[in-house]
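In structure tokens, the next block holds one chain alone, the form predicted on its own.
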Amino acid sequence: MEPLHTLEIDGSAPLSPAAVKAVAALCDRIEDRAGRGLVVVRVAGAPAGDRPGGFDVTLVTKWERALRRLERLPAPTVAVADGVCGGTALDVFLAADLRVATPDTRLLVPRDTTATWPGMAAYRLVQLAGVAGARRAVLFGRPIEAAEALALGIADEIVDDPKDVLVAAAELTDGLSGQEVAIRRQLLFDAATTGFEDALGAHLAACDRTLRQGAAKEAAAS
């Protein structure tokens, strides 16, 4: 069984350099180990009231870069949400490959009656659930309950005890090459965001990689 790499994100805490550092450190560990193992991130909590202050666009940029690294890690990622989940916890939850929620999970998009920007969670919600599915949460800050998140494809499973799901995920991904997972994930993203002609180059590169690996195995076996 491949090792588990774990991280906990407290969404009730405001975005901070420490949160950026924690996600970046996790990414460093996975990339240094050539992508072996399953990444498990437990997320919970949401900021109280409207969007908290105390951060600027520079910190947000660093946070989004760290999230993008997490989203593209050469390893499969699982996020487990429990209870109210917003802020940094929601960001990380939406960036994972597999998203598991407990029955009492509520996903909260930041809501501020005087400001415009809802956070990149809005972008990721639309990527997962479409404009119609994300509209009320993004425009009005309406919570997304666990059952609705499952129906919209935002959550993959709802479970009372995430332990069994994590065991199943570890078995499902055991032995997978992290680099190959990263390539397949990118092909998945390209299919949703780019036209056929633009995506074809990446597919042909993956095809060439696969054929070369197959030829190398045949040569080694002969």
Partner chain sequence: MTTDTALLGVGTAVTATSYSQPEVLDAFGITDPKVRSVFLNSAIERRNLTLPPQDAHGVRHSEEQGDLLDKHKALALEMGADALRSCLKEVGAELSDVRHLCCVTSTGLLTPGLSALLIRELGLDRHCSRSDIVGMGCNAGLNALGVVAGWSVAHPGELAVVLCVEACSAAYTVDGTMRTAVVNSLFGDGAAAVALRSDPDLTVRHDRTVAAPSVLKFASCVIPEAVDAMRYDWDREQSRFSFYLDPQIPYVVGAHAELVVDRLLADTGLRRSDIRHWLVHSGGKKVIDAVVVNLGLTRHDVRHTVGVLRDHGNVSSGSFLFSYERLLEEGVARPGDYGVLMTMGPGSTIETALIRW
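Positions refer to the first chain, counted from 1. Please read these numbers as outputs of a predicted model, since none were measured by experiment.
Heads up, the form predicted in complex with the partner chain isn't pictured, but that's what we're talking about next.
If you check the partner chain in the model of the complex, you find no heavy atom from any of Ala22, Asp160 and Lys163 within 4.5 Å. Just one listed stretch, out of 164-172, 38-46, 151-159, 181-189, contacts the partner chain in the model of the complex at the 4.5 Å heavy atom level, and that stretch is 181-189. Using a 4.5 angstroms threshold between heavy atoms, Ala13 stays clear of the partner chain in the model of the complex.
Though the partner is left out of this view, Glu64 does not reach within 4.5 Å of the partner chain in the model of the complex, counting heavy atoms only.
Remark: Asp56 does not count among the residues lining the partner chain in the model of the complex, judged by a heavy atom distance of 4.5 Å or less. Taking the partner from elsewhere, Leu204 is found to have a heavy atom lying within 4.5 Å of the partner chain in the model of the complex. Among Arg124, Arg106, Arg72, Arg136, the residue placing a heavy atom within 4.5 Å of the partner chain in the model of the complex is Arg72.
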